[in-house]
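Heads up, the chain below is alone and in the form predicted on its own; it's given as C-alpha coordinates.
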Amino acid sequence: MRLFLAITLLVLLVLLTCAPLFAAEAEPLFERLEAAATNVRTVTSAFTQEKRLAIFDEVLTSSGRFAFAKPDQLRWELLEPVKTGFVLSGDRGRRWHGRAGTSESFDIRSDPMMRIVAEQLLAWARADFGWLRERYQLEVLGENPATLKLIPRTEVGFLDHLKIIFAADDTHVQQVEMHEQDGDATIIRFSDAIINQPVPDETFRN
(Lines give C-alpha, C1' and ligand atoms only; values in the text may rest on other atoms or scores of the structure.)
Protein backbone atom coordinates (compact mmCIF):
# COMPACT_ATOMS: atom_id res chain seq x y z
CA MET A 1 0.00 0.00 0.00
CA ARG A 2 2.78 2.42 0.92
CA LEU A 3 4.53 1.61 -2.36
CA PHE A 4 1.29 2.29 -4.29
CA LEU A 5 0.83 5.66 -2.52
CA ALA A 6 4.45 6.61 -3.15
CA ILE A 7 4.14 5.82 -6.86
CA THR A 8 0.82 7.72 -7.07
CA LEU A 9 2.34 10.79 -5.42
CA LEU A 10 5.35 10.61 -7.74
CA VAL A 11 3.11 10.43 -10.82
CA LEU A 12 1.03 13.38 -9.58
CA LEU A 13 4.20 15.39 -8.93
CA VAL A 14 5.47 14.71 -12.45
CA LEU A 15 2.11 15.65 -13.99
CA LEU A 16 1.89 18.87 -12.01
CA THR A 17 5.46 19.79 -12.92
CA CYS A 18 4.78 19.22 -16.64
CA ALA A 19 1.32 20.80 -16.79
CA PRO A 20 1.08 24.00 -18.84
CA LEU A 21 0.44 27.27 -17.00
CA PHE A 22 -2.65 29.15 -18.10
CA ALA A 23 -3.18 32.90 -18.31
CA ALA A 24 -3.61 33.86 -14.63
CA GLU A 25 -0.72 31.72 -13.37
CA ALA A 26 1.46 32.89 -16.22
CA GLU A 27 1.13 36.64 -15.55
CA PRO A 28 4.62 36.90 -13.93
CA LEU A 29 6.15 35.40 -17.07
CA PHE A 30 4.21 37.77 -19.36
CA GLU A 31 5.34 40.70 -17.21
CA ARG A 32 8.95 39.46 -17.46
CA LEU A 33 8.74 39.30 -21.27
CA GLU A 34 7.06 42.72 -21.52
CA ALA A 35 9.74 44.25 -19.28
CA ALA A 36 12.49 42.81 -21.48
CA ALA A 37 10.76 44.10 -24.64
CA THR A 38 10.47 47.60 -23.15
CA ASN A 39 14.23 47.98 -23.41
CA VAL A 40 14.44 46.77 -27.01
CA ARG A 41 14.56 49.60 -29.56
CA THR A 42 15.78 47.70 -32.61
CA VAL A 43 16.18 44.08 -33.71
CA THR A 44 17.83 42.69 -36.82
CA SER A 45 18.27 39.01 -37.55
CA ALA A 46 18.49 36.33 -40.20
CA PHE A 47 15.83 33.64 -40.40
CA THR A 48 15.14 30.31 -42.04
CA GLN A 49 11.62 29.17 -42.82
CA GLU A 50 10.59 25.52 -43.19
CA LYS A 51 7.26 24.52 -44.70
CA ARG A 52 6.28 20.95 -43.81
CA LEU A 53 3.36 19.44 -45.72
CA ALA A 54 1.46 16.63 -44.02
CA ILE A 55 1.12 14.57 -47.22
CA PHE A 56 4.78 14.87 -48.36
CA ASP A 57 8.13 14.07 -46.74
CA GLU A 58 9.78 17.01 -48.50
CA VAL A 59 10.51 20.13 -46.48
CA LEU A 60 10.43 23.44 -48.36
CA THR A 61 13.12 25.75 -47.02
CA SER A 62 13.64 29.46 -47.56
CA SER A 63 15.76 32.08 -45.82
CA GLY A 64 15.85 35.81 -45.35
CA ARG A 65 16.28 38.66 -42.94
CA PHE A 66 14.12 40.63 -40.51
CA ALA A 67 14.42 44.12 -39.05
CA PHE A 68 12.34 46.04 -36.51
CA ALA A 69 12.64 49.54 -35.08
CA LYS A 70 10.27 51.07 -32.57
CA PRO A 71 7.58 52.04 -32.77
CA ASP A 72 6.31 50.62 -36.06
CA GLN A 73 9.00 49.98 -38.66
CA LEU A 74 9.44 46.52 -40.16
CA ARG A 75 11.37 44.77 -42.89
CA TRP A 76 10.53 41.14 -43.73
CA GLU A 77 12.51 39.85 -46.71
CA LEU A 78 12.98 36.41 -48.24
CA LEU A 79 16.31 36.16 -50.08
CA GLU A 80 16.34 32.48 -51.09
CA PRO A 81 15.00 30.82 -53.19
CA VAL A 82 12.98 33.84 -54.38
CA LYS A 83 13.51 37.44 -53.42
CA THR A 84 10.26 38.77 -52.02
CA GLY A 85 9.21 40.80 -49.03
CA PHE A 86 7.90 44.07 -47.69
CA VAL A 87 8.84 47.10 -45.65
CA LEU A 88 6.50 49.04 -43.37
CA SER A 89 6.80 52.42 -41.71
CA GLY A 90 3.71 53.47 -39.80
CA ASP A 91 0.62 52.64 -41.87
CA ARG A 92 2.35 52.66 -45.24
CA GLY A 93 4.68 50.20 -46.85
CA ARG A 94 5.93 48.63 -50.03
CA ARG A 95 6.07 44.98 -51.09
CA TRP A 96 7.95 43.34 -53.94
CA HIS A 97 8.30 40.01 -55.71
CA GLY A 98 11.58 39.37 -57.51
CA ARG A 99 10.39 36.58 -59.81
CA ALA A 100 7.45 38.58 -61.12
CA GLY A 101 9.50 41.76 -61.11
CA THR A 102 6.68 43.64 -59.40
CA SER A 103 6.69 46.20 -56.64
CA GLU A 104 3.77 48.15 -55.20
CA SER A 105 2.87 50.43 -52.33
CA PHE A 106 0.23 49.52 -49.76
CA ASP A 107 -1.57 51.03 -46.81
CA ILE A 108 -2.52 48.67 -43.96
CA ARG A 109 -5.67 50.73 -43.32
CA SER A 110 -7.05 49.51 -46.66
CA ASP A 111 -5.15 46.22 -47.09
CA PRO A 112 -6.54 43.63 -44.60
CA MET A 113 -3.97 40.92 -45.39
CA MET A 114 -0.97 43.19 -44.90
CA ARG A 115 -2.58 44.61 -41.75
CA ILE A 116 -2.82 41.10 -40.26
CA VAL A 117 0.79 40.30 -41.15
CA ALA A 118 2.06 43.62 -39.79
CA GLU A 119 0.02 43.37 -36.58
CA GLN A 120 1.35 39.88 -35.85
CA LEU A 121 5.00 40.83 -36.41
CA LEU A 122 4.69 44.05 -34.40
CA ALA A 123 2.88 42.30 -31.53
CA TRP A 124 5.70 39.78 -31.15
CA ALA A 125 8.46 42.33 -31.62
CA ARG A 126 6.90 44.48 -28.85
CA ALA A 127 5.76 41.50 -26.70
CA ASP A 128 2.31 43.14 -26.74
CA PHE A 129 0.41 40.66 -24.55
CA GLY A 130 -2.63 42.93 -24.29
CA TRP A 131 -3.14 42.61 -28.05
CA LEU A 132 -2.32 38.89 -28.00
CA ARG A 133 -4.70 38.07 -25.11
CA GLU A 134 -7.62 39.54 -27.06
CA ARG A 135 -7.00 37.17 -29.95
CA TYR A 136 -5.50 34.01 -28.43
CA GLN A 137 -5.81 31.68 -25.47
CA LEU A 138 -2.28 31.63 -24.06
CA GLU A 139 -0.61 28.62 -22.43
CA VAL A 140 2.92 28.53 -21.05
CA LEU A 141 4.74 25.37 -22.11
CA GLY A 142 8.05 26.39 -20.55
CA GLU A 143 9.59 29.33 -18.70
CA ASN A 144 13.32 29.04 -19.52
CA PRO A 145 13.30 29.68 -22.37
CA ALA A 146 9.81 31.15 -22.41
CA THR A 147 7.71 28.90 -24.65
CA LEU A 148 4.07 29.72 -25.39
CA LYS A 149 1.21 28.01 -27.16
CA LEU A 150 -1.46 30.26 -28.68
CA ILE A 151 -4.88 28.98 -29.70
CA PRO A 152 -7.05 31.43 -31.68
CA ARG A 153 -10.11 32.58 -29.71
CA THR A 154 -12.05 32.71 -32.97
CA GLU A 155 -11.53 30.58 -36.04
CA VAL A 156 -8.73 32.01 -38.17
CA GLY A 157 -9.01 30.11 -41.43
CA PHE A 158 -6.42 27.35 -41.58
CA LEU A 159 -4.64 28.05 -38.26
CA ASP A 160 -4.85 25.51 -35.42
CA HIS A 161 -2.29 26.99 -33.05
CA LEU A 162 1.02 28.83 -32.76
CA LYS A 163 4.06 27.87 -30.71
CA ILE A 164 6.46 30.68 -29.82
CA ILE A 165 9.91 30.26 -28.24
CA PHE A 166 11.75 33.32 -26.92
CA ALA A 167 15.50 33.80 -26.70
CA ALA A 168 17.14 32.93 -23.38
CA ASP A 169 17.44 36.64 -22.45
CA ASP A 170 13.73 37.26 -23.32
CA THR A 171 14.59 40.15 -25.67
CA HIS A 172 13.20 38.64 -28.88
CA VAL A 173 11.41 35.68 -30.42
CA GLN A 174 13.76 32.91 -31.49
CA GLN A 175 11.29 30.49 -33.12
CA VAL A 176 7.72 30.58 -34.41
CA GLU A 177 5.74 27.47 -35.33
CA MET A 178 2.42 27.77 -37.18
CA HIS A 179 0.45 24.53 -37.02
CA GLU A 180 -2.45 24.22 -39.42
CA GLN A 181 -5.64 22.23 -39.04
CA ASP A 182 -4.71 19.87 -41.90
CA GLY A 183 -1.37 18.90 -40.31
CA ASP A 184 0.85 21.24 -42.33
CA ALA A 185 3.30 23.36 -40.35
CA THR A 186 5.61 26.31 -40.92
CA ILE A 187 8.63 26.77 -38.65
CA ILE A 188 10.60 30.03 -38.64
CA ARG A 189 13.94 30.11 -36.78
CA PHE A 190 15.65 33.46 -36.14
CA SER A 191 19.44 33.60 -35.81
CA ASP A 192 22.30 36.08 -35.42
CA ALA A 193 19.99 38.56 -33.72
CA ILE A 194 21.44 42.01 -33.04
CA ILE A 195 19.64 44.05 -30.40
CA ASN A 196 19.63 47.86 -29.99
CA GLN A 197 22.19 48.66 -32.67
CA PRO A 198 21.47 51.54 -35.09
CA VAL A 199 19.45 50.46 -38.14
CA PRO A 200 19.71 52.77 -41.20
CA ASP A 201 16.46 54.41 -42.29
CA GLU A 202 17.05 52.90 -45.77
CA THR A 203 16.37 49.45 -44.27
CA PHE A 204 12.69 50.37 -44.06
CA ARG A 205 12.47 51.73 -47.61
CA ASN A 206 12.52 49.90 -50.93
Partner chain sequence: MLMDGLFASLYRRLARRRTLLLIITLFLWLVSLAAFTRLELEENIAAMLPESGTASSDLRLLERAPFARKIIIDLTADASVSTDALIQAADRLAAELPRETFSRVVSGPDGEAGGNLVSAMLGVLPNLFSAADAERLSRELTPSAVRERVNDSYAALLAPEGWALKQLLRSDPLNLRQLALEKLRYLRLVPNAQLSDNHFVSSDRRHLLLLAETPLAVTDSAGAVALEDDFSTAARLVLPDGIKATFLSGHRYTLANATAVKADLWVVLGCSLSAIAAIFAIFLRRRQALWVFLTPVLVLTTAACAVALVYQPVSAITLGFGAVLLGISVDFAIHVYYALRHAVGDPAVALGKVARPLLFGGLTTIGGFAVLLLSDLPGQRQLAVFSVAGIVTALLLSLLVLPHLLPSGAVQIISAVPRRADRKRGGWLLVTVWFVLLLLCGWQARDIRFNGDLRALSLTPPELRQLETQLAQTWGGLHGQALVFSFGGGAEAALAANDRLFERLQTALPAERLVSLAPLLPALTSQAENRQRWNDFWTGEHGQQIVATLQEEATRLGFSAQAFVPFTERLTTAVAPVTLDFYRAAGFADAFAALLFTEDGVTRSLTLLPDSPPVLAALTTIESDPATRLVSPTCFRSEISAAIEDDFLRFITLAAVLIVTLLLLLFRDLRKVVLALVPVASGLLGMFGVMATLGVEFNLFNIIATILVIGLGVDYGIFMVCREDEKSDLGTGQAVFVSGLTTLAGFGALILGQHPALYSIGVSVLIGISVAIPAALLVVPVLSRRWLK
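These numbers were taken from a predicted model, which means no experiment stands behind them. Positions refer to the first chain, counted from 1.
Keep in mind that the form predicted together with its partner chain is not shown, yet the notes after this line are about it.
Chemist: Does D107 reach its partner chain in the predicted complex, with heavy atoms at most 4.5 Å apart?
Modeler: Residue-level check for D107: yes, a contact with its partner chain.
Chemist: Using 4.5 Å between non-hydrogen atoms, is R126 touching its partner chain in the predicted complex?
Modeler: It does not: once its partner chain is placed as it appears in the predicted complex, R126 has no heavy atom within 4.5 Å of it.
Chemist: Is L60 one of the residues lying within 4.5 Å of its partner chain in the predicted complex, judged by heavy atom distances?
Modeler: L60 belongs to the contact set for its partner chain.
Chemist: Using the partner position in the predicted complex, report whether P112 sits within 4.5 Å of its partner chain, counting heavy atoms only.
Modeler: Looking in the predicted complex, residue contacts with its partner chain include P112, since a heavy atom lies within 4.5 Å.
Chemist: Go through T42, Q175, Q49, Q137 and name the one with a heavy atom inside 4.5 Å of its partner chain in the predicted complex.
Modeler: Of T42, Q175, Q49, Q137, the residue with a heavy atom within 4.5 Å of its partner chain in the predicted complex is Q49.
Chemist: Look at the stretches 34-42, 167-175, 52-60, 138-146 and give the one with heavy atoms within 4.5 Å of its partner chain in the predicted complex.
Modeler: After filtering at 4.5 Å, what remains is 52-60.
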